[in-house]
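Next up is one chain by itself, shown in structure tokens, the form predicted on its own.
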């Protein structure tokens, strides 16, 4: 058996980011930039007001108090999208809205709550300092500055910054395509009658969802019965994608036909069997068109091995950095373990003053799919470790998206 970290290394050293393509900004959420982006213009593009009130000259407010206001003549209005036409002279004020252009001649803004109106004039009831409540052009972004660098995963804030920088399209790494194949005579869909000996095909839903969550494009989900010819034909159709994920049929049972089918189809085996609980019979290989993963059929084993091996490959293919989902946490309770295989322990997390604290799920069976509910991470307990005491810091793989 191969160690899980060695398996992960062998996967990632066979992965290169996919070619780039131009993507419409509205469709780029979750994608990874393949270019540096510079803004062609200042953001904000002009000096603007941070408050509703009046644009004034600070010198004209000297000595103003609530019981002895300074009176200024109102000569125009500047509102968002409609700058004032008049320039500001001595003894004058221009009404202004938040976000509106600062008129020529003004050097500060007096807030509306610090003023009153009388006889068509504004009474300023406090002194204001020059530059008060003004947002200056380029204060956020200077024209020509790089705002985002290649390799950044685009979230809502990044899309906002790109739009502010006059970009309607961006160059991103292509999303990897994934085809999922589940195998087994016992599998039935959620809509089918549960005949004797049948099992609901949960992998047909959880595994594609994991792929989509990290930005992959699921090109197909299929099922194959336990027949060598059917298995071979079904696998052959999945090899058109960047990544093929096969659930079940990779162990040593009399009806496990996946390994032989992959060999018949010319897929090169890189490793088979990982020193991991759950997930021992995991298989990985490649062919000229992409990567192939054979995952255990048990639902938790399939999810765990996908998260630890397939997900990093998909993130890297899409131009991302899979290691950013690795960190450490302290175990909240003793964990009992015998040396011989690494354990991937489903955990909930709590962030305390000294960092993450991990609490293992109560039940750990590879068939207990509900143990994934409420899990925030997988704690990786190394192969050589025995029992791990509470308070020990261990490596964890976060279960959020990539």
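Residue numbers count along the first chain shown, from 1. Small disclaimer: the values here were computed from a predicted structure and weren't measured.
A second form of this protein, the form predicted in complex with a small molecule, is not displayed here; the remarks below concern that form.
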- request: Tell me, yes or no, whether residue 282 is in contact with the small molecule in the model of the complex, where a contact means a heavy atom of each within 4.5 Å.
  value: no
message: Although the partner isn't part of this model, could you tell me whether residue 84 comes within 4.5 Å of the small molecule in the model of the complex, counting any heavy atom of the residue?
response: no
message: With a cut-off of 4.5 Å between heavy atoms, is residue 298 one of the residues that contacts the small molecule in the model of the complex?
response: yes
query: Is residue 249 close enough to touch the small molecule in the model of the complex, meaning at least one heavy atom pair within 4.5 Å?
result: yes
statement: the small molecule in the model of the complex has a heavy atom of only one listed residue within 4.5 Å, and of 212, 140, 186, 332 that residue is 186
task: Counting non-hydrogen atoms within 4.5 angstroms of the small molecule in the model of the complex, say which of 241, 201, 165, 108 makes the cut.
output: 201
- line: TL;DR on 67-75, 151-159, 272-280, 192-200: the one with heavy atoms within 4.5 Å of the small molecule in the model of the complex is 192-200
